[in-house]
Ligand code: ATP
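A lone chain, given as structure tokens: the form predicted on its own.
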């Protein structure tokens, strides 16, 4: 898939903008000039909300009543167009036909985004790493979102019961019932996550090796209350029930569920050592880039849709060799890169450069 062009009206600091794109697109300029706004506008066509966590109403340029985005894009079969209108909320059309919701565009347009906020995958706690896997699985497994919703429902109900047990011990028998429901729902989540990590790892290793010039090796491992590898869903369910039984006393005492996929983590290792504890800033950034680009490759393999890659401020804290790999050695999909340093742009061997200042294109 390729974004051929975009037209923007009244979006953040961009009043009016028309751009054509190449396979590799470098968007450069000083901070707060509109570089990230441009790739954020592209990302909205995946049907997702802003990766910056912004409300739709805040995407409209000050003193304007609406924002409008339009792209022309192509895939292996045909040329298409999509449009998003933002007022109090978003609405969308595809090839002139109104969609039921803007999120429905995600069926046609896939993208993987890197932003500095995603460094929390390495730097912060387990919830950010679980979120990465869950969001990726929601794009490729039609049933995963429902499975995750069911698990969270079971988790909430079990936690409510655990708190009630402190005042009403006679409810204890109900806990056995909810443990069964909890384990059945949790096993589906664990199994899908473990499969995804195993499928993602070869792609992530390849990208990370390229970034490090073959000097470093990346590994990722899903960690939980017991060993998940090589277990089927029903086997995970049985093990999870045993684990819940062992933790039952502590769970009742604390009023929360202490084990389950909501407590799992993903170890990210460089040469066998924790990237979080021992990785440099550049290594940690390389880990996230490798995982994001691996997500893109795996998405392509599993869905036959080639996603676009949106890399915001990706060059910071990377040495020249790692920057060169990103600029000149990623060939499988269309890529958009934002950066501040013009010298970085000069090392691009093939592609398009776009200079953004105050929401306008100065030259390319």
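Positions refer to the first chain, counted from 1. Since the structure is predicted, the reported quantities are computational estimates derived from the model, not experimental observations.
FYI, the form predicted together with adenosine-5'-triphosphate isn't displayed, but the following is about it.
Peer 1: Sort through 330, 48, 60, 306 and report the residue having a heavy atom within 4.5 Å of adenosine-5'-triphosphate in the model of the complex.
Peer 2: After the contact test, the surviving option is 60.
Peer 1: Quick one: which of 51-59, 66-74, 298-306, 317-325 gets within 4.5 Å of adenosine-5'-triphosphate in the model of the complex, going by heavy atoms?
Peer 2: Of the options given, it is 51-59.
Peer 1: Residue 12 versus adenosine-5'-triphosphate, in the model of the complex: is there a non-hydrogen atom within 4.5 Å?
Peer 2: Residue-level check for residue 12: yes, a contact with adenosine-5'-triphosphate.
Peer 1: At the 4.5 Å heavy atom threshold, is residue 334 in contact with adenosine-5'-triphosphate in the model of the complex?
Peer 2: Looking in the model of the complex, residue contacts with adenosine-5'-triphosphate do not include residue 334, since no heavy atom lies within 4.5 Å.
Peer 1: Taking heavy atoms and a 4.5 Å cut-off, does residue 340 contact adenosine-5'-triphosphate in the model of the complex?
Peer 2: Yes, residue 340 sits close enough to adenosine-5'-triphosphate in the model of the complex that at least one of its heavy atoms falls within 4.5 Å.
Peer 1: Though the partner is not shown here, which residues of 15-43 have a heavy atom within 4.5 Å of adenosine-5'-triphosphate in the model of the complex?
Peer 2: Residues within 4.5 Å: 30, 31, 32, 33, 34, 35, 36, 37.
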